[in-house]
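We begin with a single chain expressed as structure tokens, specifically the form predicted on its own.
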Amino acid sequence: MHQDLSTFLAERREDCRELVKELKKSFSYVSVLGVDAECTNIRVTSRTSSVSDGATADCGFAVRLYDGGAFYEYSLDDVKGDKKELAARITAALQVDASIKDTVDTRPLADEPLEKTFVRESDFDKYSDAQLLDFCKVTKQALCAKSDNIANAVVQLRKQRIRKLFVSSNRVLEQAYTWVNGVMLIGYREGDKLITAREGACSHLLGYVMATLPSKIDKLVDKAAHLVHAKPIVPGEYDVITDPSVTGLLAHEAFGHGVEMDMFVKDRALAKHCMGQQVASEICNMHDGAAATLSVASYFFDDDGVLASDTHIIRDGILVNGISDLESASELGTAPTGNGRRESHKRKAYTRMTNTFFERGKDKLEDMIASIKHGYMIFETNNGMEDPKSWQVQCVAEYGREIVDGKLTDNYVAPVVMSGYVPDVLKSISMISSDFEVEGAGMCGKGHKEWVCVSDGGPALKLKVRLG
């Protein structure tokens, strides 16, 4: 089943064309991005239930202009009305110090002709919010029935329906796609200790998530029963295996932010000076791109009107590419990679990650575990941070399980912090599993703001790193 395009944006298509034509009288490049994005959170806890709008809901237009010396952006709720008057109002609002123009080295922007509509399969219209709320209630009840130790339980579905229109002098692009994240979270108490544990599922199809979440109830409760007895890890350097979630966090923090090329423009990323150099083990390959895999950040064109791509960032251990938006690519004289993204139509477009992951390898996970005399396998992304200028990275995992004499034990440690110098960490990778998983449950900020949905993942990695 395919979903429909936005009626609102379809009704504004010709208005966008007319506005572009009017503004082109004063600017060498003009584009209009229209956004009609719905986001709904369906949430049930042990005490409450709710259906509410989510943070990524958005509706409006962003106008981008370029005069050969500087970029300008202007946001508005609607483009109806007299276009000459609207263009005059936009132009009058755009002021930039002449000295800033002198510091910006930009090239003419390409605007290759293309008119195309992109629509992804969706089953959102098969389910009402009332049905989804009932599903969450039934799943929560089944979860709580599993153990008297469950002090609280949360079941949530976050569904997003994204529709966008991009119009420039030579382009008219439309897209419509969906994504849903489901999560089960429990508070598990034993004695005077209370811990939290979670399991999730995500897809572009509600039916898949609703079939998958209940199948993970037993796994969730068993994990919580072990985590309540978890001990702190003894800090030190260990042989470590990362599960796909932590592998993705490493990809995201180690070289995701580090190769966002708007940071190259500002000379705030060490990666700018390491292109063509070995930065990881020769068995490592890393990608980013909205077209690289199917997850929450898989769109058809970015907010600059650039078609989605698959960017090979690390090839056989060599840093070969960065990711860019239209503006940073123009300043650097490179082709944009389709990574221009906005938090909303009211926010500026920046270079942002999409789906960031390591390629699968050839090793079996059981062989990787068997190769370790003493170490840990660490699970579930918590959070992370990276300094692109110094390439120091820190990744926090929810928990780890000790490996002794090649066997994965039930000795749990939590939480676990992995840290080090990015090239040292990645060059220590000695085995990569043949399985592969990408998770699209999180959001990423540009510093402390500009939040967008991202995914990351890959196979399991064996490496040597400091844990604490």
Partner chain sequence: MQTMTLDGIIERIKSANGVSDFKITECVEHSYQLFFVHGKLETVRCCESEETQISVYVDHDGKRGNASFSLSGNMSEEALDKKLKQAIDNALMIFDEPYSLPSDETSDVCIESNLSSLEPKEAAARAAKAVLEANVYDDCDINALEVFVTKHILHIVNSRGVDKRQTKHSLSLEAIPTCNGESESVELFETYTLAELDEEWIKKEISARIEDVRARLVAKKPTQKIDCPVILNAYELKELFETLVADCNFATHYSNTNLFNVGDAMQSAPKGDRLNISMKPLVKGSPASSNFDGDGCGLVGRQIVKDGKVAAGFGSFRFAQYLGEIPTGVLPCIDVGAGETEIKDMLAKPHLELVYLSGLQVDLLSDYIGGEIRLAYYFDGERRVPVTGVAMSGKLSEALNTLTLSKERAVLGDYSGPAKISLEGMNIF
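Computed from a prediction, not measured in an experiment: that's the story for all the values here. Residue numbers count along the first chain shown, from 1.
The next section is about a form of this same protein that is not shown, the form predicted in complex with its partner chain.
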Given a 4.5 Å cut-off on heavy atoms, tell me which of 282-290, 394-402, 313-321, 300-308 is the interface stretch with its partner chain in the predicted complex. 394-402
Contact of F379 with its partner chain in the predicted complex (heavy atom, 4.5 Å): no
Is K464 near its partner chain? Define near as a heavy atom within 4.5 Å, in the predicted complex. no
Determine whether any heavy atom of D123 comes within 4.5 Å of a heavy atom of its partner chain in the predicted complex, and answer yes or no. no
Look up in the predicted complex whether E386 has a non-hydrogen atom within 4.5 angstroms of its partner chain, and give yes or no. yes
As a check of understanding, the residue in V119, L114, M275, A151 with any heavy atom within 4.5 Å of its partner chain in the predicted complex should be identified as A151
Name the single residue among L173, I195, I369, I217 that comes within 4.5 Å of its partner chain in the predicted complex, judging by heavy atoms. I195
Its partner chain in the predicted complex - contacting residues of 400-429, heavy atom within 4.5 Å: A414, P415, V417, S419
